[in-house]
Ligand SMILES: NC(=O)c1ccc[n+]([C@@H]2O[C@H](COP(=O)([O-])OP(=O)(O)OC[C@H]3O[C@@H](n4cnc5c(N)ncnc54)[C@H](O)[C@@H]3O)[C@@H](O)[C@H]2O)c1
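Only one chain is shown below, in structure tokens, and it's the form predicted on its own.
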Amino acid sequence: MVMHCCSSMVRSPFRSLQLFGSRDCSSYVSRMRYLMRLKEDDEACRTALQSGNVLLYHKLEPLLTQTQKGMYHLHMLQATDVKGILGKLGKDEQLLNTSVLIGCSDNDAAQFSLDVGSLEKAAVEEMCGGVFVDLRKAFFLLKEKDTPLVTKGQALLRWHQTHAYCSATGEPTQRNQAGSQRVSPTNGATYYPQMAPVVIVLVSDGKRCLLARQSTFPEGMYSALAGFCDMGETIEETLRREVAEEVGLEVESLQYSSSQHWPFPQSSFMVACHATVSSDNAEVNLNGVELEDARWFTLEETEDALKKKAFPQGAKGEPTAIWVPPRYAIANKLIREWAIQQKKS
């Protein structure tokens, strides 16, 4: 798409952010340096694995524990316990070495993800006292602090399962111990896990915000517009193109908000922005391809949707209430930011 708006109309997409608040930065730096060493030193990573924590997956479904309230939380296991489980189920404990490094706890314990899809699902669940849950379901029922680790673990395991061969030679690639890269022994080509960049944008005409839904969304859920970046596009170009394509509106200005890893459909890097359009040219014109509906919402309507819990149940015969993605989804953050700004103006 050709950009023809003057530069004075576009706000910088890289505004200053407060990243850590009162976090002990020296502890954070030491953990990041530790993780970097584990990625670069195979022997150090193998040693860390022996005393580390492991999040199990079964064919990419994470092992979780369900609470009495129907929510889920992480079910991390000690590496020594995983070895014991593998032995009791007749599996070579060397399977543990296929674990992928995903993080480091506050007390410097390395964290790994491991897929045990070759084992009987029910047997593993019984021995671990947990349950393997489809991530699309678990995502809305996990505690906010647990979501990034679970999605990162699944994303890395999936990447290794789908990138076992060199795209140039067709020969098998070899991973390092941490799982942070794969190398072709034939030509030395190195492959790194990647995310697909996606722009998600909340459009406003100054008094209202635009929310839309796809036919695949749960009933009643509306969200911000989103679209993948085309090759060679900037964030600004993608945002303007997507808004024009999907709802027939021309963006006048935009502002960067934040970013988030999104595991669906595979691994996306969500770049969240706010955008404004002229109130004189705010008539929505759907292209009828991706969206089922898109409409303008007032502040009152938006705040009402934010109060609704996920999958609200209406009375029989009544229309389903309008609701938005949960708080830890970046679309929710954009909507809340807009509502707060409207109250200030």
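Each residue number is its position in the shown sequence, starting from 1. Values in this document were obtained by computation on a predicted structure and should not be read as measured data.
As for the form predicted together with the ligand, it is not shown, yet the points below apply to it.
Note on contacts: among E246, D146, D115, E236, the single residue with a heavy atom within 4.5 Å of the ligand in the predicted bound form is E246. Comment: the ligand is not present in this chain, but in the predicted bound form one of W159, F132, Y72, W262 has a heavy atom within 4.5 Å of it, namely W262.
By the 4.5 Å heavy atom rule, the three marked residues A48, V82 and Q111 all fail to count as contacting the ligand in the predicted bound form. Among heavy atoms of T151, none comes within 4.5 Å of the ligand in the predicted bound form. Although the partner is absent here, P185 sits far enough away that none of its heavy atoms falls within 4.5 Å of the ligand in the predicted bound form. For the chain shown alone, S180 is not a contact residue for the ligand in the predicted bound form, no non-hydrogen atom being within 4.5 angstroms. Although the partner is absent here, E290 sits close enough that one of its heavy atoms falls within 4.5 Å of the ligand in the predicted bound form. Screening 249-257, 119-127, 190-198, 85-93 for residues having heavy atoms within 4.5 Å of the ligand in the predicted bound form returns a single hit, 190-198. Applying a 4.5 Å heavy atom cutoff to the ligand in the predicted bound form picks out S268, M270, E290 from 267-304, in order along the sequence.
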